[in-house]
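Below, in structure tokens: the form predicted on its own, a single chain.
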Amino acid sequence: MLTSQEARALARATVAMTAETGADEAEALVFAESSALTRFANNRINQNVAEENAQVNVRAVVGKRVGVATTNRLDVASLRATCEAAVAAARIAPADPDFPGLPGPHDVALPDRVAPATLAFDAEARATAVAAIIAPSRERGLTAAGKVRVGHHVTAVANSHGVNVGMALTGAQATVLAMGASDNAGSGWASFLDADASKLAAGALGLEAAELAVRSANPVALDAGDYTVVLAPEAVADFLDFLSYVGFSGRAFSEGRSFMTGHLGEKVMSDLITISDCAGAPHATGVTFDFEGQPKPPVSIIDRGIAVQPVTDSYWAAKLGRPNTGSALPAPNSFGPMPLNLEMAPGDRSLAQLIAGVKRGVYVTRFHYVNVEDPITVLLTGMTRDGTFMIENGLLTRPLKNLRFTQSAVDALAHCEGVTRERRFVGTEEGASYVPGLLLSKFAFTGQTA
């Protein structure tokens, strides 16, 4: 496993090698990872895997032409062949007159985001955690499935203009799906994500999923229609991910595919909705620079319901005449820039208080199989899963059969009437959202699923 300093040195050496092979400008991006995963199903461990890898992405620039090549062989001959391949690709690529050149260096804060407890979370610790997660399901006659994963990641970027950054971090993730055996049995879900594996309360995680599964047994049908809903953080994260995917990118904004195009400075959501990208926040889990080595300043995207700005990288910042928000993905990519440290501002209510404020509505634990029907309005369709309940007179009452929804995420957040103060990380080690629960006064369920 490369250290951060070794990854930076490798990136600099690769940049020098690329320049020697004829590139006008060069960039090297180094990823190194050591990860381990324990999967379980039917209340027992069924897989243990561990992986260690390192990869170098080379971006070569010849005039206004750009070529990229990648290798995970780190010997000099393989690296040189990769640099030559990147230059060769650049020479035959179409010229892009809008390419502004690679960016220059800027100061980047590099906080310590390596948790020793995660590095020490070995196979025995993962097995112990799995046993604790499974126990509540086994005691209730349910079966549990899921995973416990830990990872140590290093990212480094260098380019021929002096960019030279690198950072290490850790991540720990656990998920559990608890299920009954009968046709009308329920299912429940819970997840954990943090840099520090010592924060994993495995027994509580398993209990959360098992109790949801027991409570959601024998569900009843609900007619399609508009309902007030309370979304748990897992469900909110899905909406935020799709807003980011189709709406927050400077490329989508420039090409007229974003709900923000032509609406900057306008109110598009509820006053209660504030969305930002905050890689430098003390609670953040990712690296503090993007894949061009540029710093990630705090970026306000939606401020109290008002569309503020899309995110950019060096290319789309130059093309749009806007600041670079440090949101580059690894080259090449067809998505344009993307925020990877999204968070939604907290409110002042608890989840129980949100539910208590609903006379008749639906509680959603999480969504499943969500897809985009219309990117401009962020019209999504998908299904509820693993804990959907009727809310009547401020209480969770009957479990519901899973429902299909067809709903604009923008319009749903325009009808937000409550936000929890508690927030949770949802996602993966590579990209997670930090989200609260929400009360939405209007949400369209369009059908019943099995």
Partner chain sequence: MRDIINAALDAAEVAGASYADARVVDSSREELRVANGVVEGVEHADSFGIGVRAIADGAWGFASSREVTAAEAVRVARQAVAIARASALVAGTAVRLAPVEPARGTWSGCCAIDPFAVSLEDKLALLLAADEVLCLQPEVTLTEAHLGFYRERKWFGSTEGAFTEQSWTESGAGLVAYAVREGEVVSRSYPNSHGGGWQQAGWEYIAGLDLVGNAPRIAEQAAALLTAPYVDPGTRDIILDGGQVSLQVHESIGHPTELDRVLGEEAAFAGTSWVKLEDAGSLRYGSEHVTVTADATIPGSLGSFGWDDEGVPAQRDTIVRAGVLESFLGSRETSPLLGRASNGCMRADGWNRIPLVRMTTVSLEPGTWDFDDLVADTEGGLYLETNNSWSIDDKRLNFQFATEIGWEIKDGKLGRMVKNPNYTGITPQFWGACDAICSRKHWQVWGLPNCGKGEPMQVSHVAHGAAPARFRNVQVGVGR
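Positions refer to the first chain, counted from 1. Being a predicted model, the structure only gives us computed values, none of them experimental.
Heads up, the form predicted together with its partner chain isn't pictured, but that's what we're talking about next.
Undergrad: Is its partner chain close enough to A115, T397 and E422 in the predicted complex that each of the three has a heavy atom within 4.5 Å of it?
TA: No: no residue has a heavy atom within 4.5 Å of the partner.
Undergrad: Which of G104, G141, P323, P332 has a heavy atom within 4.5 Å of its partner chain in the predicted complex?
TA: It is P332.
Undergrad: Which residue among A127, V308, A318, L110 has a heavy atom within 4.5 angstroms of its partner chain in the predicted complex?
TA: It is A127.
Undergrad: For G225, is any heavy atom within 4.5 Å of its partner chain in the predicted complex, or not?
TA: Flag for G225 set to no.
Undergrad: Would you check, heavy atoms only and a 4.5 Å threshold, whether G203 touches its partner chain in the predicted complex?
TA: Close contact is absent here: in the predicted complex, G203 is far from its partner chain, nothing within 4.5 Å, heavy atoms only.
Undergrad: Tell me, yes or no, whether P94 is in contact with its partner chain in the predicted complex, where a contact means a heavy atom of each within 4.5 Å.
TA: Result yes; P94 sits at the interface with its partner chain in the predicted complex.
Undergrad: How about W189 - does it come within 4.5 Å of its partner chain in the predicted complex, if we only consider non-hydrogen atoms?
TA: Output for W189 is yes: heavy atoms within 4.5 Å of its partner chain.
Undergrad: Just to confirm the contact call: exactly one of 346-354, 205-213, 70-78, 277-285 touches its partner chain in the predicted complex at a 4.5 Å heavy atom cutoff, so which is it?
TA: Careful reading of the contacts points to 70-78.
Undergrad: Note that its partner chain is not shown here; using its position in the predicted complex, name the residues of 5-44 with a heavy atom within 4.5 Å of it, in sequence order.
TA: Heavy-atom contacts within 4.5 Å come from L37, R39, A41, N42, N43, R44.
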